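Next up: a single chain in structure tokens, the form predicted alone.
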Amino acid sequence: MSEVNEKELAEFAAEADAWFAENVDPDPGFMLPLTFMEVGTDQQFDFLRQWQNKVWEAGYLGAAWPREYGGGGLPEAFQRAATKAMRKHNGPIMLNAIGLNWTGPLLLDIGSEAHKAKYLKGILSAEDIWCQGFSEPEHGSDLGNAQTRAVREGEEYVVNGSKIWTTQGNYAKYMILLARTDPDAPRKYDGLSFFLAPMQIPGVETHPIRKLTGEYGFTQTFFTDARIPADGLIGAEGEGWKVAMRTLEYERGARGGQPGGYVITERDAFDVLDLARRMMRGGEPLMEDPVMQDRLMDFIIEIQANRLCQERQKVAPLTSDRPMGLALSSKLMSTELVRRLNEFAVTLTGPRAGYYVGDENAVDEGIWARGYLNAFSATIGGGTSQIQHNIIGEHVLGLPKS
């Protein structure tokens, strides 16, 4: 990676700021998803796909990925500047979350040249949407017990089984798939393999799942004698667990390499502060209540602490005591904070908290109740908060499994 030219970086940042100021539409005419897990209509999907492609073509997504794979070939500081401008102007989320933040970094790290050439540019441009095939209906968080089968037949694998919570599965062209290739392996983890699997082939069906919010975004995927090419195998056959664990490190924010942008719109404590100023109780703004002031200040402090921790984990001497502590904690801290912040916002709306999106009596068109209900998906995906506590206990604090 080349050395950062500060003058060029400043010019790039100014150009990005001007571009997002001009191109972000504050009101597209319909409610945009807050996260990639909420893309439930063709209208939302088409808008976000075009938006990601537009950002990429402008040079503000994948700026630090290699040029030969569709990136800009610039130092990482340039992408950080572009993402900062994107947040400043409240740009919509990037659509292709699994491709951008999971599959792409994995391929850049351990993928073959053929895989990089075939998949990376389409990930950035949003031409090729990716989904994730890890969880299964009967096995909950026990990922190592996955039972979807993949049997080798010549240059193909025949896949049978089912995956659930497949985000954007109905739109995806490809899936990162964890399947069992050796049911007789002495350890269940040894019988799994990791595939880059096509979705738009015979034998693959997706059924949408309607969430508590009334929206869609998740699907269940069924494989019935689906034939996927053997050259989609990542790592050797039987090494899928190791590859899957590496993939989850990207998902949990413990490993870098993502191309920039963001796939979740973060609710800021200052948004809730504005809500507290507008909501009235006993004839006075809630913001005048010292208890509310105290709680809001706690959220503001926690948000700032999380941001500083993200910067701190980039400086090795500041994390020498527990090098992976912050990286393995970030997913748990951020998702639970968002859930609690939305919950607090809903309490501020008082009796009107019972009104939801589409009801004229809902506060701010129901975004706070919607945000609260949707916040639970992030505390489950990538390993539940309970699993995250176990990971921190075992791998950071050195506690025993039992």
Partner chain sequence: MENLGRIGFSEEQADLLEVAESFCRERSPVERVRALIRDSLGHDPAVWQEMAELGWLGIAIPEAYGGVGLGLAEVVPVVEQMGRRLMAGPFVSTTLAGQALLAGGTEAQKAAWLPRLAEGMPATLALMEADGNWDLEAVTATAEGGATLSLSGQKLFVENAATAGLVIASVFHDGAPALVLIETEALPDGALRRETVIDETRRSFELTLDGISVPSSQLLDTGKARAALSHIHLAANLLATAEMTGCTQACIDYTIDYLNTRKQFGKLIGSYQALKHPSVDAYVTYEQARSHLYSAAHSFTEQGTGEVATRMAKTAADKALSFAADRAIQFHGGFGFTYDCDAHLYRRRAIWHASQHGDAAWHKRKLAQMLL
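Predicted model, so just to flag it, every value in this text is computed and none were measured. Positions refer to the first chain, counted from 1.
There is another form of the same protein, the form predicted in complex with its partner chain; it is not shown, and what comes next is about it.
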Should Ile380 be counted as a contact of its partner chain in the predicted bound form, where contact means heavy atoms within 4.5 Å? yes
May I ask you to check whether Ile300 falls inside a 4.5 Å heavy atom distance of its partner chain in the predicted bound form? yes
At the 4.5 Å heavy atom threshold, is Pro28 in contact with its partner chain in the predicted bound form? no
is_contact(Leu332, its partner chain) in the predicted bound form, heavy atom dist at most 4.5 Å: yes
Among 91-99, 284-292, 153-161, 171-179, the region lying within 4.5 Å of its partner chain in the predicted bound form by heavy atom distance: 284-292
Which listed residue (Phe195, Trp130, Phe223, Phe218) meets the criterion of a heavy atom within 4.5 Å of its partner chain in the predicted bound form? Phe218
Looking at Val55, Val338, Ala369, Ala63, which is the one with a non-hydrogen atom within 4.5 Å of its partner chain in the predicted bound form? Ala369
In sequence order, the residues of 348-382 that place a heavy atom within 4.5 Å of its partner chain in the predicted bound form are Gly350, Pro351, Arg352, Ala353, Gly354, Tyr355, Tyr356, Val357, Gly358, Asp359, Glu360, Asn361, Ala369, Tyr372, Leu373, Asn374, Phe376, Ser377, Thr379, Ile380
